[in-house]
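Just one chain follows, in the form predicted on its own, and it is written as structure tokens.
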């Protein structure tokens, strides 16, 4: 018997069920979500790569699974997908490091 983990990949297939406890809001979310991912100024493929990168920064295993699959379906290759993940990692790292300025300011103020 497989060990149960907090994130069960089978739960991704249940995402549509979020309307069960709050149908009105769930339907509004899915309508908006669908509109967001339609072709526009960005292609569906570009949006999928962005979603994959964001999924890594918010560390959502469901989104990582979903958008890894979606990127492949929309014609992205492994190199493009990993590059998108590296872009996300660079932004997240930079955002972490820029808060170092706050720490430096505080240390300088306290040390004076």
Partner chain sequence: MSIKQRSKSLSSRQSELSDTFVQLEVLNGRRAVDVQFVPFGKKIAEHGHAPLKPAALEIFQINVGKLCNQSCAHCHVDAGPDKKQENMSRATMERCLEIIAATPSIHSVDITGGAPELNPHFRWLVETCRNLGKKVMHRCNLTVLLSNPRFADLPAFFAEQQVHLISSLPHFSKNRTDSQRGEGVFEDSIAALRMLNAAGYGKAGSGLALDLVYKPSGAFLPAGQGTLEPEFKRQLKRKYDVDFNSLFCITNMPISRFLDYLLETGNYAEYMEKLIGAFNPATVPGLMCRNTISVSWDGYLYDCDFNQMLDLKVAPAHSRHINDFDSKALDERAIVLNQHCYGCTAGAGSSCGGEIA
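Numbering follows the first chain given and starts at 1. Since this is a predicted model, take the numbers as computed values, not measurements.
Heads up, the form predicted together with its partner chain isn't pictured, but that's what we're talking about next.
- Although the partner is absent here, residue 35 is not a contact residue: none of its heavy atoms lies within 4.5 angstroms of its partner chain in the predicted bound form.
- Put simply, residue 76 is close to its partner chain in the predicted bound form: some heavy atom of it is within 4.5 Å.
- Proximity of residue 42 to its partner chain in the predicted bound form: non-hydrogen atoms within 4.5 Å are absent; the residue sits far from the partner.
- Taking the partner from elsewhere, residue 72 is found to have a heavy atom lying within 4.5 Å of its partner chain in the predicted bound form.
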